[in-house]
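Presented as C-alpha cells, the chain that follows is alone, the form predicted on its own.
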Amino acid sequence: MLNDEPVESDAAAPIADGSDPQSTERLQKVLARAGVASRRVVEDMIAEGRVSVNGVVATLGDKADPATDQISVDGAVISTKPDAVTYLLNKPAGVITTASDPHGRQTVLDFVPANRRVFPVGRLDAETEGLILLTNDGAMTHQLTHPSHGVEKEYLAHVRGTPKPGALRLLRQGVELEDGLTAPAQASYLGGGVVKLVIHEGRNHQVRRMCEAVGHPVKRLIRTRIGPLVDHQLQPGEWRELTTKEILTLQKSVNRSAPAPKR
C-alpha cells in the first residue's frame, strides 16, 4: 500500500507529443491545482479511466503540460492554464458586448478587472440585460459558442400584450424567421406580460425576433441562465469569478447536443 504520492520519474511517464519535458507535471498535481479534487481523489479518477489527455485515456504516472495539453475529466475539458479565468457579469442595459467601442460607449470590459485580458463569450445586444461570461480560455469560448453544443440560455422577456396559448405553441414548435426556422424553444407565460424562453441557438437578436414574429414585441429582455449557471444575487453591473465546480459543471453541459429544428 502506498503511504505517499509515488516518486516522480521523467522516464516512467509518457509525455504528450509537442510538450516541453521541462513543463510537464504529474496529472494528479495538475488537476489538484486546477481545483478538480485532492491529489488522492484525482489518482482514483485516473485509475477509474475518467481522465484523458488529448483524447487518450490516462493512466497513473502519466504527465501533461498544463499550458498545451487538453485534459478532460468525465468528458469535460478542464481549464489548467495558470492564467485562465472566467467571469460572470450581470450586464446592465445600454452596455455594449465587445472588447472596445469606437464611439466611446461603455462595454462589458469596463465592469471586470483590467489586469486580465478577457473577451465576452457570445453576445447580448446593447439593450438586453443579464448574465454573460468573459474569459481568456479559448477552448471554453469555442465550446460555449459552437452551434453543435447547444448550450441552453434562459431569458425573461417582458412583452407587449398577453400571449395566448397559440403564440406560446408557436414558440415551442419553432418560429419561421427570415434566416430560417428556429429550433423548438421552451416557452411559458409567467403572467404580467412576462414570457420565460429557453433556447439553445445563438442567432442575432433571436428572442426579440421570435416574440415579434408571434405578435408580442419585447419591451425588456433579461438573460437569467447560461447552461447550469444562475445567480440571483448578482446585481446589474456586478461580476464574480466562476468557481472550479461551476466551470466543471458548465463544461459538462456543452456536451449536450441541440435538437434539430422541426421541418
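In this text the structure is predicted, and so the values were computed from the model without any measurement. Don't overthink the numbering: it's just position in the shown sequence, from 1.
The same protein also has a form predicted together with a small molecule, omitted here; what follows describes it.
Undergrad: So which of 203 to 211, 230 to 238, 27 to 35, 41 to 49 is the stretch with heavy atoms within 4.5 Å of the small molecule in the predicted complex?
TA: Contact-bearing stretch, as computed: 203 to 211.
Undergrad: How about residue 128: is it within 4.5 Å of the small molecule in the predicted complex, going by heavy atoms?
TA: The answer is yes: residue 128 has a heavy atom within 4.5 Å of the small molecule.
Undergrad: Decide whether residue 185 counts as a contact residue for the small molecule in the predicted complex under a heavy atom distance cut-off of 4.5 Å.
TA: The answer is no: residue 185 has no heavy atom within 4.5 Å of the small molecule.
Undergrad: Does the 4.5 Å heavy atom contact test between residue 53 and the small molecule in the predicted complex come out positive?
TA: No.
Undergrad: Even though the small molecule is not shown here, does residue 124 get within 4.5 Å of it in the predicted complex, heavy atoms only?
TA: Output for residue 124 is yes: heavy atoms within 4.5 Å of the small molecule.
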